[in-house]
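A single chain comes next, written as structure tokens; it is the form predicted on its own.
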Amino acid sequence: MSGGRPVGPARDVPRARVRAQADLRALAQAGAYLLPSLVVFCVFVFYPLVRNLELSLYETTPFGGLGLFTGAGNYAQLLGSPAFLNSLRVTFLFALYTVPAGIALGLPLALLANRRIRGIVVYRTAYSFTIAVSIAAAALIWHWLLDPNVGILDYLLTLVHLPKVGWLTDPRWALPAVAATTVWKDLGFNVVVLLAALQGVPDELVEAARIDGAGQWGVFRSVVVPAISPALFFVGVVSTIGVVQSFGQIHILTQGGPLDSTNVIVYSIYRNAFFNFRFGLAAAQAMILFVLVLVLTGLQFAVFERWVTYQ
């Protein structure tokens, strides 16, 4: 005791208690702010996920009720099904056709949109307006363009004396045609994200590189690409997740055909659930899709994030 006041550990106890109470109040306040979002996630994400997992372990009635418990039976049936394995293959090809092409087209368009010239706002609007176009509208536009009778693409082929192509009826061309529709629809999003990243590149770095003797390609490779690498990585991850879940354009353009050449896993889920009324099997496919998205995202983080430069 010194002057009737405790010192040492005895005095630290009230302070620790006060800090603990303050931390609890801060945690409760943060929880109150997060509660609406947590409720939405629980109702629309976590609960459906758990119910879907339960449904995948059963054979179901035609109305979706739980029937015979099969455990991993639905998963074993899918992994041994040539049709399901084909849908996985088509899904991978679809992502391979779409994601790199979207980035490869979006980056040069964003570079052009980043130039300081008169009327550039009109150009930026023209290449970003597809954000406002629904996938149904985009699919209908491309259905008209690819139509073998009135489509403009086949008309252009006839002008140069080339045979018409069954863009949506030939198994060799159907998947690339649907991929082209998807690339066009997502191009506006890619351009906007990459343009925002380009406008954030410090002018000082660009000027310093030019003073050091770097040309246009050197500046782009050594300064611009590292600076926008987080945006490139973001576009790649988000585009992959979106493409793997594509449905609308496939349903409108090809309905999974011809000869299952565009029957991606999401469309296979739709057919099993609402045509074959095998809801347990469709739920098992949805769980496999969930795992597939997780694996693809994890691989992208493991492989490509090492080249991302965070400032």
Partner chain sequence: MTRPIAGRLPRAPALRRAAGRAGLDLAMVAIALVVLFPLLFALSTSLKTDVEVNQYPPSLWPHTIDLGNYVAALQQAPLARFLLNSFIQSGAVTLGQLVTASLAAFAFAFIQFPGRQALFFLFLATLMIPGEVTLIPNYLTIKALGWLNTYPALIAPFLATGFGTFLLRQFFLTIPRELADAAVIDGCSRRRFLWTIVIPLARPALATLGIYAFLATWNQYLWPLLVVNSTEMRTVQIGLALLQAQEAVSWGLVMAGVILIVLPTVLLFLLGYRHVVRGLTAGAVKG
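Residue numbers count along the first chain shown, from 1. Rigid core: the largest C-alpha set superposing within 1.5 Å between the two forms. All of these numbers come straight from a predicted model, not from anything done at the bench.
One more form of this protein, predicted in complex with the partner chain, exists but is not displayed; see below.
One stretch from 153-161, 203-211, 91-99, 219-227 that, in the predicted bound form, holds residues within 4.5 Å of the partner chain by heavy atom: Residues of 153-161 come within 4.5 Å of the partner.
Partner contact for Leu294 in the predicted bound form: the partner chain, 4.5 angstroms, heavy atom: Residue-level check for Leu294: yes, a contact with the partner chain.
Please determine whether Ala273 contacts the partner chain in the predicted bound form, using a 4.5 Å cut-off between heavy atoms. Flag for Ala273 set to yes.
Taking the partner chain as it sits in the predicted bound form, is Trp142 near enough to touch it, meaning that at least one heavy atom pair lies within 4.5 angstroms? Close contact exists here: in the predicted bound form, Trp142 approaches the partner chain to within 4.5 Å, heavy atoms only.
Is Ile103 close enough to touch the partner chain in the predicted bound form, meaning at least one heavy atom pair within 4.5 Å? No.
Between 210-226 and the partner chain in the predicted bound form, list the residues on our side with a heavy atom within 4.5 Å. Stretch hits: zero.
Could you check, with the core superposed, whether the Cα atom of Phe274 shifts 2 Å or more between this form and the one not shown? No.
Quick one: core overlaid, is Phe69 moving 2 Å or more at the Cα between this form and the one not shown? No; Phe69 is a residue whose C-alpha shifts by less than 2 Å between this form and the one not shown when the cores are overlaid.
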